[in-house]
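Only one chain comes next, encoded as structure tokens, the form predicted alone.
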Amino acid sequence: MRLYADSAKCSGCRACMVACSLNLFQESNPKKASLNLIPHFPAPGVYEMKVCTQCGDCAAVCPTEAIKLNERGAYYVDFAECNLCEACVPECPEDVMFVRAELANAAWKCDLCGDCVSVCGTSALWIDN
């Protein structure tokens, strides 16, 4: 299972990013979301969504084995075991592996909770095999 995105349906509202940060950090802070929404200007209203494909490349390079599989078959970061080394960041082909020491004490990524899918008003996000 993994998260999919249809960028053509995205309105850029960022509700998905708020839902994601609430799930991961119990904070309403889109900067702490595990998906990326890239606006393409000068064409207003055109957004590119980047989401985790659960490829596992991040887990393969983690020296502390802090990136693990959950019961949904999705990789997640065990915050207690992450040492902020950033080895995972350049391995992510979708650029949705995050380490920002000014925001959090551990790396973070999509754990396939589905909260972003639930709040998307345009059905731009979904979970499937």
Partner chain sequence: MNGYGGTILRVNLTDGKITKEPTPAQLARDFIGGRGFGIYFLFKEVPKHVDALGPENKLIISTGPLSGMLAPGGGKCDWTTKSPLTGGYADASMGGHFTAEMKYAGLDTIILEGISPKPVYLFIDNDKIQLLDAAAFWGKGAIDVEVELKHKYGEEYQVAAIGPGGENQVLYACINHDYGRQAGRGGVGAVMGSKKVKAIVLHGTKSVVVADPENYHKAGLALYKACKDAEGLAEWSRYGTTVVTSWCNEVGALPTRNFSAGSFEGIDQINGQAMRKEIVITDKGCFGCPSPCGKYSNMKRYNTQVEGPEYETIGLMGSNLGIADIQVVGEANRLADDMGIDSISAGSCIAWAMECYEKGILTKADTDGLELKFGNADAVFTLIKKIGHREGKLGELLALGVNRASQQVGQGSEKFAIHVKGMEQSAYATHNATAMLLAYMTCDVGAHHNRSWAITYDLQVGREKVVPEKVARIIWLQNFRPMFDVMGSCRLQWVELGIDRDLYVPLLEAITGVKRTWQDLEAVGNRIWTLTRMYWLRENDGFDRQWDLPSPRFYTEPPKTGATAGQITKFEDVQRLLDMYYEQRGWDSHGLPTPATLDTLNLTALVA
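Residue numbers count along the first chain shown, from 1. This structure is a prediction, so every number in the text was calculated from the model and none was measured.
Although it is not shown, the form predicted together with the partner chain is what the next lines describe.
Novice: Does A106 reach the partner chain in the model of the complex if we count a contact as any heavy atom within 4.5 Å?
Specialist: A106: no contact with the partner chain in the model of the complex.
Novice: Heavy atoms within 4.5 Å of the partner chain in the model of the complex: does N29 have any?
Specialist: Yes, N29 sits close enough to the partner chain in the model of the complex that at least one of its heavy atoms falls within 4.5 Å.
Novice: Would Y47 count as a contact of the partner chain in the model of the complex, using a 4.5 angstroms cut-off between non-hydrogen atoms?
Specialist: Yes.
Novice: Examine A80 and determine whether its closest non-hydrogen atom to the partner chain in the model of the complex is within 4.5 angstroms.
Specialist: It does not: once the partner chain is placed as it appears in the model of the complex, A80 has no heavy atom within 4.5 Å of it.
Novice: Looking in the model of the complex, is the partner chain within 4.5 angstroms of a heavy atom from every one of R2, C52 and C55?
Specialist: No residue of the spot touches the partner chain in the model of the complex.
Novice: Taking the partner chain in the model of the complex, which residues of 97-129 have any heavy atom within 4.5 Å of it?
Specialist: Result: R100, L103, D115, V117, S118, V119, C120, G121, T122.
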